[in-house]
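What follows is one chain in structure tokens, specifically the form predicted on its own.
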């Protein structure tokens, strides 16, 4: 008797999905980790003390479901209202929520005028998630999970932002439901001018997320645009600059209607209590972190000069990493040679950046070891 084929248990969309690949988490002792853009310096002593003090009987309780105290503190920092802020389990969770909240998986859904009357007239947008290329490789994964169209628009050859007048010719769709822009950009490290971003946002009909994961290492930021434009959100994180990758805390700032919509989709208790404690304590000790930012920027400039002197082509960076085209060997070979010396950097196989290495700025001692090793490998070729 023939056995009938079972109904597939996994959605075809998921079967076809190429998952996001995070940076390698090494298991080798003594390896210098320069591949995931973490801050090389620990959280401030005040943050560590606050975390230790919070490890008590309250661990049996649920945390504040909306991270109310943290939202209030951030609202004071950014001169807005708590209703303009939503906290996420890292900014990645909020980016995923944005695709679920603002992109209907069919063409032509309506953007309603925002409740306070500051919105624009009702307009049709396309069920598309768009972003520049190269950019954060999570963006297409989020679009594919949502089952919506991706629109990857190439940056200029030097990874700068195309001029506003040429964007449509390059394929940028100002009626896309959701546009995700990493600023400063990853993996290039280039900073974008706020005035350029402002003009792009003003012309866009859908929601625009300005993903400022690395903004603390940049010369300017676009936070004002989230409070100027009713369809713009600015994304921030406590991971990259504030040494809290382990805790996973990020946030969006934007119009209260957008934040309220995201809040409907957000999981309850999405941000753990210790993460909320750590983020609040971080905001109480911002001078400590600003000293670290200056230290990392100074190291970044020194390493840029050293690598340039060795013949590497290093892009100007406004982040805590460098994108550099090495000499002597292909970038993929450099990845292996450096790893053999217990130095882990990042290499991407994508055509636009496969000739480059992305190098996180570590401590002064780590970067001295990195530059010394590069010099030795080039000399021994």
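Residue numbers count along the first chain shown, from 1. All of these numbers come straight from a predicted model, not from anything done at the bench.
What comes next is about the form predicted in complex with a small molecule, which does not appear here.
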Is the small molecule in the predicted bound form near all of 83, 226 and 229, within 4.5 Å of a heavy atom of each?
no
Using a 4.5 Å heavy atom cut-off, which of 236 to 244, 194 to 202, 164 to 172, 292 to 300 contacts the small molecule in the predicted bound form?
236 to 244
Heavy atom within 4.5 Å of the small molecule in the predicted bound form: which of 99, 182, 130, 188 fits that? Just give me the one.
182
Counting non-hydrogen atoms within 4.5 angstroms of the small molecule in the predicted bound form, say which of 257, 92, 306, 216 makes the cut.
92
Non-hydrogen atom contact residue 71 with the small molecule in the predicted bound form at 4.5 angstroms:
no
4.5 Å heavy atom contact, residue 126 and the small molecule in the predicted bound form
no
Contact label in the predicted bound form: residue 266 to the small molecule, heavy atom within 4.5 Å
no
For residue 159, is any heavy atom within 4.5 Å of the small molecule in the predicted bound form, or not?
no
